[in-house]
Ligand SMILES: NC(=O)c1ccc[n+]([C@@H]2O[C@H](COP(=O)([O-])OP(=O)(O)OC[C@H]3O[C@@H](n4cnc5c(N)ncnc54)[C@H](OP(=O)(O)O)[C@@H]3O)[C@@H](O)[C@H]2O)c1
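Just one chain follows, in the form predicted on its own, and it is written as structure tokens.
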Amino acid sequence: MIISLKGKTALVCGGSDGIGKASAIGLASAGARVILAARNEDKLIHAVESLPDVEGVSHGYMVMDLDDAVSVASAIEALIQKEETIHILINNAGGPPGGPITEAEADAFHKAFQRLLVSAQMITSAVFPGMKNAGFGRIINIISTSVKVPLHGLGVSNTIRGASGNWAKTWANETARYGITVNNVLPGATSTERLVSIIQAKAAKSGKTVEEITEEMKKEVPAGRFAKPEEVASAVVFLASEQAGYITGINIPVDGGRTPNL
């Protein structure tokens, strides 16, 4: 299967590192023009420089803070005025801090809801008209396997990710007639900065070493290891392709078999 995204423009949120950056590299490698969005401009500049060159195409970036509705509205308005059509949207943001739901403050839910769902709604709503006019759109949400099964010690994340899953399914049902697909990629434990922070927090709370926690987490995965960001990105690139045009409204775990159901 040869995937070509030539002539397509992709907006990748959280594209300065981790799964977002890996997805951006994959999309660019398939020929897409890529625009990265994140909070840190220095990291964005470095990430854009790492994208594969596409003949006749210049990649770009925009500074946007998904925790701030004003920042999101301003950035996306400027982008839509500049870009005729965003064909591929990758909704991706770092998850909220871990911890049991019994200890979670109400404000943590508000912040996570803004970052992971409200911002996604704002951005998706803004790019939807262009996708509809083009008769082609790919909306891919990087969420979590907690959409299917809540994860221990991630009370706030489990709650908001579940809401994001139903949000995405609703979008899929309402936009399929326009040639737009909406799907969720559910990464398992993936070698990113967020995973490092989760392991460190578990180690500090349990009194175990980082190495011990790492090995315990790997034992939970049938594959016996953590995912590489590029492995998650491969699913993203496929879902963005013409070949995936009849796949919409589904969750695709990329988790080494960890999720305990189909």
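Heads up: residue numbers just count along the shown sequence, starting at 1. Not measured: the values here are computed from a predicted model.
Below, we refer to the form predicted in complex with this ligand, which is not included among the displayed structures.
Trainee: Contact between Leu89 and this ligand in the predicted bound form at 4.5 Å, heavy atoms?
Mentor: Contact with this ligand, no.
Trainee: Is Arg138 close to this ligand in the predicted bound form, meaning a heavy atom pair under 4.5 Å apart or at it?
Mentor: It does not: once this ligand is placed as it appears in the predicted bound form, Arg138 has no heavy atom within 4.5 Å of it.
Trainee: Give a yes/no on whether Gly155 approaches this ligand to within 4.5 Å in the predicted bound form, heavy atoms considered.
Mentor: Gly155 lies outside the contact set for this ligand.
Trainee: Against this ligand in the predicted bound form, would Ala189 count as a contact residue? Criterion: heavy atoms within 4.5 Å.
Mentor: Yes, Ala189 sits close enough to this ligand in the predicted bound form that at least one of its heavy atoms falls within 4.5 Å.
Trainee: To test your reading of this chain, name the stretch in 162-170, 176-184, 90-98, 124-132 whose heavy atoms come within 4.5 Å of this ligand in the predicted bound form.
Mentor: Correct option: 90-98.
Trainee: Given that this ligand is left out here, which of Lys218, Lys228, Arg39, Lys202 has a heavy atom within 4.5 Å of it in the predicted bound form?
Mentor: The residue in contact is Arg39.
Trainee: Of Glu193, Asp53, Glu211, Glu49, which residue is found within 4.5 angstroms of this ligand in the predicted bound form when only non-hydrogen atoms are counted?
Mentor: Looking at the other structure, the residue within range turns out to be Glu193.
Trainee: Can you name the residues of 142-162 that have a non-hydrogen atom within 4.5 angstroms of this ligand in the predicted bound form?
Mentor: Read in sequence order, the residues that approach this ligand (within 4.5 Å, in the predicted bound form) are Ile142, Ile143, Ser144, Arg161.
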